[in-house]
Each structure stands twice: as C-alpha cells, then as structure tokens.
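A single chain comes next, written as structure tokens; it is the form predicted alone.
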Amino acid sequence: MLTIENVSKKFKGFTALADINTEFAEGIYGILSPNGAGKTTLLKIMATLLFPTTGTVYYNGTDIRQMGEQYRELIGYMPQHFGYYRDYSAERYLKYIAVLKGIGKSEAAERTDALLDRLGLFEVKSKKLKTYSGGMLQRVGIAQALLNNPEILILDEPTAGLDPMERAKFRDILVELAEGKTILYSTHIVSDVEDIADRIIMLKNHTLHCNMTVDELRNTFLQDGKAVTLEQAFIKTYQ
C-alpha cells in the first residue's frame, strides 16, 4: 500500500502540487489529467526523484525517504523520455541497466532474455537501438523498468508519440504484467486507460480531484439519465 499524505510541491513560488491525499493498492491506476496538471511531478515524488515540499509518501506505513534503497529496489520507473545509448543493442542496454540496479550477471542475462521475449523483442535483441521504431523503444523502456521485478511500476506518458496500434499493443502488455503489482500510469489520452485501469486518478488545479473506478467517474456526470463515457467525463471535468 502506498499512501500520499498532505503532499505539496513548490518550485520557486510555483505550486505544482497542493495538499494531495490518496492511496494506491494493487492494480492499474490511470493518472488522467491534461498536460501541466502535475502528473509528472507526482510520479517523480513517488519514484524519489523529487521530494515534497511538505507532506509524506508512505509504503506500508513507512516514510519512503527513510526506506532509501530498500524502497527503490521495489520500484520500476519509466520516464516519458528515457535515456539510452543509440549504438547499444537492446540486450547490451538492458544488461547495462541491470548493473546499475545491482543485479548479478547471470540473473541479469536471464531476466534480459525473458523480458525481451515477453515484449516481442528477442529476435532483434542484437540490433542497435537507433534502428528501433518508437513502439519498440517504448517496449525497451518498460523492459528496463521491469528488470528488478518491481512491486510498483511507475509509467509517465509511456505511449507518447505512438500510433493507435502501438498504443493498443502497449496496453495489452501492461494487462499481462499487472498481476501482483501496483501500476501508476500517467497519460492525457483517455483511451490508453479506459479499458485497463482499475481506478482513475485525476488532478485539477494541482490538487487531487478524484480517485474513482471508471464506472464511478462516468456516473458522476449523467446525460439523459445515463452515465457518460469516460472521455465525456474527462472533458466535463476540465471545462
């Protein structure tokens, strides 16, 4: 269980997040808000890349800052634009990331092959990353986030720049990987999370607007006595 308690973040007088309170259990959470709402800031705090100005994030009741490396070993993080070496192959890149994560050589080789196979990249694992399509690179990005078999997977706009077919494949992969994990999936594309999210998180005016199931959110707005679509709820929320 991840608990966010009274978290705010300011940058030189600008408030990026204001008094966020919510919880994350096992499942897929779609963090659905327009660009600039504070999604990336929230995810960076969850990944300990930033620390809140005020408030605390707890993992099973313990402050994640006190946990340090113990907490970071539990998470996998995929930023919107992850760094990679263009002349590395996917296999070499993942083994390099495994070293940074403190994974032993034999275990790294086993996990690298297993992930590349699961993500449909095993046959091209020796090809340089600069030859990969955008969708293939995104799959490498999720592979590096999964190398340490994390309990918590943090994804920031993972389908940015992908075409609809690649986005659909990415969603299928997430559903396959979701069992036993907490997945925080930040996006501003409603269709990315509509069919796979257990709950939807929305930020508005830099604070928490809701943490609801898709059906609960759809029923917040009624049209002719019927629940609206998730996209309609999204539009109405930010009008």
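What you see is a predicted model; the values in this text were computed from it and never measured. We number the residues from 1 along the sequence you see.
Separately, the form predicted together with a small molecule exists; it is not shown, and the next lines address it.
Residues Phe11, Lys39 and Glu157 are all found to lie within 4.5 Å of the small molecule in the model of the complex, as judged by heavy atom distances. Using a 4.5 angstroms threshold between heavy atoms, His209 stays clear of the small molecule in the model of the complex.
Proximity of Gln80 to the small molecule in the model of the complex: non-hydrogen atoms within 4.5 Å are present. Although the partner is absent here, Gln66 lies well away from the small molecule in the model of the complex, with no heavy atom inside 4.5 Å. Although the partner is absent here, Asn35 lies within 4.5 Å of the small molecule in the model of the complex, judged by heavy atoms.
Comparing 169 to 177, 52 to 60, 39 to 47, 193 to 201 against the small molecule in the model of the complex, the single stretch with non-hydrogen atoms within 4.5 angstroms of it is 39 to 47.
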